[in-house]
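The chain that follows stands alone, in the form predicted alone, written as structure tokens.
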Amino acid sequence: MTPLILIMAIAGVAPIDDAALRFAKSLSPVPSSPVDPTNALESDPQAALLGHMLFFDTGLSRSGETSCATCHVPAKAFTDGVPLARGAAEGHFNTPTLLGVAHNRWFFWDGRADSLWSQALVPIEHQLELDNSRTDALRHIASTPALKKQFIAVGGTMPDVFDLERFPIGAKPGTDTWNAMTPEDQNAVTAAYVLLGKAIASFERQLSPGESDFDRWVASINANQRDDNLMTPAALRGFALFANEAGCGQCHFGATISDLEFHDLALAPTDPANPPPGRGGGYAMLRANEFRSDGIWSDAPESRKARRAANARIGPEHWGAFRTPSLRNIALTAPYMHDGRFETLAEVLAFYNTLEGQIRRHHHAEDVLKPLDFSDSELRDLEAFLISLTGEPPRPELCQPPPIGGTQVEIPAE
């Protein structure tokens, strides 16, 4: 036994071998948000300011009471702390964090969108979320001086949405009022609506996970000055379990600590008569999504990113599969799973420890998922490691409405 391992054993810290250290280095640091060629506005500071204004603006909703920040509360790591998101009505899914969201390949739990900007457009018109229409959302912008000024600064112009004969109230695809519009006016409204989504994405890509205790520990390793005092002994033991015994790294790897893809955990559906289709249903919506990365509203429809959507394939194993969340800031984003069924990390780990309650809906379920079969103390150590992934919050100015904006409500602190 080497002196270092002996010291660790005496201190009650699980030995961390070279393979585990290499794995640790692959998880940190978090790189800058990747470039999305399908959004030409993503690095435009004027677009980011517009997106910042819109993110906190309740005027984008039909009721005038709901904004993006209603469900993505900055003080809750841009989640909402409830099992199922609630906008105009209660939704079907738990609100995912926006910290590091620009690193995702697919968006929503079921992957129905393939870019951050196309994701941002869905809640505005969804009946359970902001429940608005694209014509009315644009009318709110046009009637709010600060928003209109910033929108024009980014886009140059906007349709004359006060002409209600051409741009009727409540007009969105699938409605009679939308079908009554000319194709030219439909395109003008949709082009302005797309700009809105790309601006919100430009703001959201700035919401990066901050440095955590785990990141500081990995940085000390990279500097050849490993300092185990940067982590608690329990967290170090938990990382050793995570890296070597738990098998977590099969789905949780890379700087986001997620494979960014979809898996079926065979969780028993809360409504057995209507089990959620997961990626199976999300894929169908992605194929029909007018704002796909390879569509006419993309700024790079021939890019590698755009081809990912065009080349995506679905199989039986995707039925009931949901996107693997990042483990960064996981201690701040309770409740857990796509339907928010688990209130605490301890409950999540208890499920993985036994897989009790799994229901196999088909013959193509995950083969990699096996019960952890850990002791209570090992589960506590694993939880301590997950807590060590909690990072510093984004810059304060990104966590509150900008000095100028539209209609806003107070953002809850907790």
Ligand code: HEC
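Residue numbers here begin at 1 and follow the sequence given. Only a predicted model underlies this, so the values are computations on that prediction, with no experimental measurement involved.
Below, we turn to the form predicted together with the ligand, even though it does not appear here.
The stretch in contact with the ligand in the model of the complex, judged by heavy atoms within 4.5 Å, is 259-267, chosen from 303-311, 180-188, 150-158, 259-267. Scanning Lys76, Arg226, Lys172, Arg86 against the ligand in the model of the complex with a 4.5 Å heavy atom cut-off leaves one residue, Arg86.
The single contact residue among Ile141, Val101, Ala240, Met231, judged by any heavy atom lying within 4.5 Å of the ligand in the model of the complex, is Val101.
Every member of the trio Cys71, Trp109 and Leu386 reaches the ligand in the model of the complex with some non-hydrogen atom inside 4.5 Å. For Ile330, a non-hydrogen atom is located within 4.5 Å of the ligand in the model of the complex, even though that partner is not displayed.
Among residues of the shown chain, Ile359 is not one whose heavy atoms approach the ligand to within 4.5 Å in the model of the complex. In the model of the complex, Ala199 stays away from the ligand, with no heavy atom inside 4.5 Å. The ligand is not shown here, and in the model of the complex it never comes within 4.5 Å of any heavy atom of Phe291.
Contact residues in stretch 125-139 (any heavy atom within 4.5 Å of the ligand, taken in the model of the complex) are Leu128, Glu129, Leu130.
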